[in-house]
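Quick heads-up: it's one chain on its own, the form predicted on its own, in structure tokens.
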């Protein structure tokens, strides 16, 4: 069976030639990941996509007709970057727009994975919530303050929609591997091989040389092994690259943990079949005795204003610690009677510092945007003219690369939930629907 990964993340782009080459032979399934927690909690909290709409539409417009022509179910994971219901709607609107423009018809399956606050509290009270880090214990107040919580579903809801004959599947928050493992396991292939191949494919052509998340990868799965080969002829899979991407984002080089269980790579074997193809065998799967799903939730912690600047004087660079303390103390003194206690935080992010050059970002988060603006203005003006022993110039310490110098970033979100929960069924958080598009 042949499965194709469009690229490493929907909206990243890919070679149209590579897509055409991939579909020059029979394709059974097409997949693409559309999200990640890499950009942090903001996108889940705001309901916005961290990928550009035009770029996403371009990727889908080229690929969707080919998938339908080949009768290859097209599986999209973690819609809109963060996978909430808002993100699924956003991606669905793009698909419907393409369907109208290209006069396409298909059966659309949707998986929503949002969960209610009450669901999380029930898990907490029932002792079914597992901390992923001792430094981030589950907290009732943080759960209640969450503006949005999603569950990271696995292969189960995707398989349910494949059984229902869906031509296109949009998932809310989902494991990256589920996109590619689900159709393989649905078709009866070895679970160990399926999960291992999925783990490598989910980043597109990242397992090839030259490395690229923005290109097409082909996977061929058989009874005893699978093979990977990039569709773009300028790239090639190598044992080193494929093995390296097996370790990607894994705390244990031999184990890939999934909601369903663990993929054991202890006896996996990597072979170079030809110049551009790698074969992998020996991966096995062990079903989990207790099924779990990961929950991701965020809460709003304030509003941000930043001021980026650069220092081009060696003496100012040497005195930066003193300057930062002086500025921090000044802001605290000047706001003690005008701003509520603990209504803001101020941080200075430094970069460079080689010879006489130093980059600095004044990062202020306030309970309101007005508070953040006020504190940023005070910090910026004080740092600009801050004196220190040996300072000869009477001009400013800072160069501002932008005008205005103070930039409103807006709402700031932080993770309030990042925990596992024990579940009776891996489908218990999935809301599955189907509809016919274009008729």
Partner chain sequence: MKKLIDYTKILRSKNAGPLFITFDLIFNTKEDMEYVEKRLRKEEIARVYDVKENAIDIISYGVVNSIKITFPRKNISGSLEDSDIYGCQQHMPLANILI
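Positions refer to the first chain, counted from 1. From a predicted model like this one, the values you see are computed outputs, not experimental measurements.
One more form of this protein, predicted together with the partner chain, exists but is not displayed; see below.
Handout entry: Within 4.5 Å of the partner chain in the predicted bound form, all of 37, 253 and 363 (non-hydrogen atom)
Key = The answer is yes; 37, 253 and 363 each reach the partner chain.
Problem - Distance check, residue 345 to the partner chain in the predicted bound form, heavy atom within 4.5 Å - result: Yes - in the predicted bound form, heavy atoms of residue 345 and the partner chain come within 4.5 Å of each other.
Exercise for the section: Using a 4.5 Å heavy atom cut-off, state whether residue 412 contacts the partner chain in the predicted bound form. Expected result: Because a heavy atom of residue 412 falls inside 4.5 Å of the partner chain in the predicted bound form, the answer is yes.
Exercise for the section: Mark residue 322 yes when one of its heavy atoms lies within 4.5 Å of a heavy atom of the partner chain in the predicted bound form, and no otherwise. Expected result: No.
Exercise for the section: May I ask you to state whether residue 220 is within 4.5 Å of the partner chain in the predicted bound form, using heavy atom distances? Expected result: No, residue 220 is distant from the partner.
Handout entry: Position in contact with the partner chain when the complex is considered in the predicted bound form, options 133, 105, 336, 141, heavy atoms within 4.5 Å
Key = When the partner chain is considered in the predicted bound form, the option within 4.5 Å is 133.
Exercise for the section: Go through 315, 187, 240, 97 and name the one with a heavy atom inside 4.5 Å of the partner chain in the predicted bound form. Expected result: Selected option: 240.
Exercise for the section: Among 116-124, 245-253, 71-79, 174-182, mark the stretch whose residues have heavy atoms within 4.5 Å of the partner chain in the predicted bound form. Expected result: Selected range: 245-253.
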